[in-house]
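A single chain, nothing else alongside it, follows as structure tokens in the form predicted on its own.
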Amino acid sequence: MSEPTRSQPPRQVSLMATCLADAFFDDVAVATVLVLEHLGCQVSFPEAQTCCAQPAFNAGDWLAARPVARHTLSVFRDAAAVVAPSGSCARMLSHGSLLLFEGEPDLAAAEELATRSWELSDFIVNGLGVRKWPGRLSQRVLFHASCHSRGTRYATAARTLLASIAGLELVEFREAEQCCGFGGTFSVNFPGVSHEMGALKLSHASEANANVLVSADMGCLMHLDGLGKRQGAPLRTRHLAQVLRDALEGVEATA
């Protein structure tokens, strides 16, 4: 299913921080706000937000997922635009919820919210038309595209922004398109397979002799960072929003 048709988004943005940002990656949420504010956006944070309902949805427990998703529909009902620093959560809003509420009274509201929901890099590049990011970072960067970015414009948009930063070298690595092994509940249900997939991803990443692995999904970063530390060969990981913020602050620090 393709992304919903959208018009150019407004500069009034509601941030969906996501569960992982709330629990583990607070700096990603902060970086996302700073990046959006640099672009002239007014960012609000609806404090009643909880989960997008993706974990229960992916686990097949749609009865449990629907009340959570309905809460999300209510919280962001009046948002002019919703931006999430997560391909998986953005995809839940633009695709998963439409499946979840098929044949339900909430379908129309889910379809309407889908037209106002954006993944961060997609919002910047395809929504606002920004294709060159200011600043400088002298780093060799690997980009890992999450599985939820497949069939969307998310990964292409993220690579466009990274490649535009002065001093940053975007490095290719083997089997870059393969899953990192996290997969949310997949890593819980199949820990052995998940571990081996992640170890293979790290092995290919280490061959590239890069400074940092970047992704736009925190689940992938958490999985790969944890595996690397347990193996005694940690690979520095950063979220796309952090890289954009770091490059921007390099400009502002010398202005």
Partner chain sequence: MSEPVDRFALLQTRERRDSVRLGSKAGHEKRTATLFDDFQDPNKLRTLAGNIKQHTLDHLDGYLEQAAERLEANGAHVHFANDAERACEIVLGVLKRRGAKRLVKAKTMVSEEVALTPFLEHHGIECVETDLGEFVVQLSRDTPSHIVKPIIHKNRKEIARTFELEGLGPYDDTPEVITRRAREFLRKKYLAADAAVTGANFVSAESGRVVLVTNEGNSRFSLAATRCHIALVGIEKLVPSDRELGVFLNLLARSGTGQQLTVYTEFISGPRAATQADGPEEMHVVFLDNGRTAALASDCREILRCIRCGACLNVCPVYRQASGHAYRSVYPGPVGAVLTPLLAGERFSEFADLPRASSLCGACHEVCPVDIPIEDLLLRLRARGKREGIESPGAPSMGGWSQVAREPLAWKAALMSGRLLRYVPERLLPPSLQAWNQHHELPAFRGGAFRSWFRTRKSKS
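Note that this is a predicted model, so its numbers are computed, not measured. Residue numbers count along the first chain shown, from 1.
Keep in mind the form predicted in complex with the partner chain is missing from the figure; the text below concerns it.
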Taking heavy atoms only, is residue 53 within 4.5 angstroms of the partner chain in the predicted bound form? yes
How about residue 151: is it within 4.5 Å of the partner chain in the predicted bound form, going by heavy atoms? yes
When the contact criterion is heavy atoms within 4.5 Å, does residue 67 count as touching the partner chain in the predicted bound form? yes
For residue 175, is any heavy atom within 4.5 Å of the partner chain in the predicted bound form, or not? yes
With the partner removed from view, which of 77 to 85, 159 to 167, 123 to 131, 178 to 186 is the stretch that lies within 4.5 Å of the partner chain in the predicted bound form, judged by heavy atom distances? 178 to 186
With the partner chain left out of view, choose which of 222, 212, 39, 208 has a non-hydrogen atom within 4.5 angstroms of it in the predicted bound form. 222
Does the partner chain, in the predicted bound form, lie within 4.5 angstroms of each residue among 8, 113 and 143, using heavy atoms as the measure? no
What residues, if any, in 25 to 60 have a non-hydrogen atom within 4.5 angstroms of the partner chain in the predicted bound form? 25, 26, 29, 30, 33, 34, 37, 43, 44, 45, 47, 48, 49, 50, 51, 53, 55, 56, 57, 58, 59, 60
